[in-house]
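Below you will find one chain, with nothing else, as structure tokens; this is the form predicted on its own, and questions on how it binds or moves follow later.
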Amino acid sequence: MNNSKFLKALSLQTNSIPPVWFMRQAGRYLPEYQEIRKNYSNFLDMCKQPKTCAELALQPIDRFDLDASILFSDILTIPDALNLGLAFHEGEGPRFSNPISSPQDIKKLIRFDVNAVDYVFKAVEETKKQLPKDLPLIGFCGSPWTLAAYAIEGGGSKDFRKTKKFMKEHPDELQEFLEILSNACYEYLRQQVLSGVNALQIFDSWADLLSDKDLEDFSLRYTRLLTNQLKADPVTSNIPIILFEKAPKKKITDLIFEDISCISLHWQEDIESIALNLKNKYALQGNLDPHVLLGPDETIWNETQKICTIMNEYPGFVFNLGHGITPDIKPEKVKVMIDAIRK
């Protein structure tokens, strides 16, 4: 792994050409993914097949020669292991048949058993076997707040009204739930590291739901609890941690903390001003707006080059999108972006 541009960047080294990977790089925009996906009616069933997960993780590597691979899985495996009845059906997002609807539901939760998600660790092992030896694998989890929001809402939502109501009416019980999830995330990520991942990313995908104060009280506090545990454990203490906060109502420079190596920026963030503040302190990852990839090649080239020029002298820059790639983006457009980074 000494030759990995991605791992060099996470340790604040400068690369002449920035490493690139992108969120949701294995997924619905790829025709080869669709060929495999049509064999499964429930997305979660596919995630429970380690050989299939390895094949899916390698598809974008084979196509684009990216600088890092990411485990193919889902952020909701932990709530599923807590017996909340998760299912993904064709054309629908995630749905829980046993969501957290009252404080009593939190009291009745079964204890998280890391063995209940052993299919994830087998997927890590299988993917590592098939990846080129010098290509790092990123493991991940959802932040405790993001997992709680899904578990209370019962699935995805535009406004997460039920979650916000629960937070207002039962703040103490919600914090109890967040602590349970933090401990589960720690065990989960620890086992991913034991299985072979080289870096970790925490996705705070619903940070944008929270006010400045609530972001601190219900999200960042528990993400820090999780990273503190990881850094205190000899198994995980040297593994770089990337944090992705989706459009938080708090300045990025005010929410970062010492346990993380890298902050992954949402596309709405101003990478130039953040880079001025964080140079030589944290690696930065980001942050092309995925919608740019729906435009003409010239726009993709210019917008990509603009970020690369801004970050040219930044020690610890990883090129990425500022959110996950969407299914309507053509692989040829992704190739234009990658060529713009490397040429």
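Residue positions are given as counts along the sequence shown, with the first one as 1. Bear in mind that the values here come from a model prediction, so they are computed numbers and not experimental data.
Although it is not shown, the form predicted together with coproporphyrinogen III (CP3) is what the next lines describe.
Trainee: Have a look at Leu135, Leu210, Leu71, Leu84 for me and say which one sits with a heavy atom within 4.5 Å of coproporphyrinogen III (CP3) in the model of the complex.
Mentor: Of the candidates Leu135, Leu210, Leu71, Leu84, Leu71 is the one lying within 4.5 Å of coproporphyrinogen III (CP3) in the model of the complex.
Trainee: Name the residue from Phe166, Tyr188, Phe88, Tyr222 that puts a heavy atom within 4.5 Å of coproporphyrinogen III (CP3) in the model of the complex.
Mentor: For this set of options, the contacting one is Phe88.
Trainee: Considering non-hydrogen atoms and a 4.5 Å limit, does coproporphyrinogen III (CP3) approach Leu76 in the model of the complex?
Mentor: Yes, Leu76 is a contact residue.
Trainee: With a cut-off of 4.5 Å between heavy atoms, is Pro171 one of the residues that contacts coproporphyrinogen III (CP3) in the model of the complex?
Mentor: Close contact is absent here: in the model of the complex, Pro171 is far from coproporphyrinogen III (CP3), nothing within 4.5 Å, heavy atoms only.
Trainee: Arg37 near coproporphyrinogen III (CP3) in the model of the complex, any heavy atom under 4.5 Å?
Mentor: Arg37 belongs to the contact set for coproporphyrinogen III (CP3).
Trainee: Although the partner isn't part of this model, could you tell me whether Leu10 comes within 4.5 Å of coproporphyrinogen III (CP3) in the model of the complex, counting any heavy atom of the residue?
Mentor: Flag for Leu10 set to no.
Trainee: Whether Phe112, Phe177 and Asn228 jointly form a contact site for coproporphyrinogen III (CP3) in the model of the complex is the question; each needs a heavy atom within 4.5 Å.
Mentor: No residue of the spot touches coproporphyrinogen III (CP3) in the model of the complex.
Trainee: Pick the stretch from 98-106, 230-238, 202-210, 269-277 whose residues have a heavy atom within 4.5 Å of coproporphyrinogen III (CP3) in the model of the complex.
Mentor: Among the listed stretches, the partner-contacting one is 202-210.
Trainee: Could you run down 5-27 and flag each residue that has a heavy atom within 4.5 Å of coproporphyrinogen III (CP3) in the model of the complex?
Mentor: Met23, Arg24, Gln25, Ala26, Gly27 sit within 4.5 Å of the partner.
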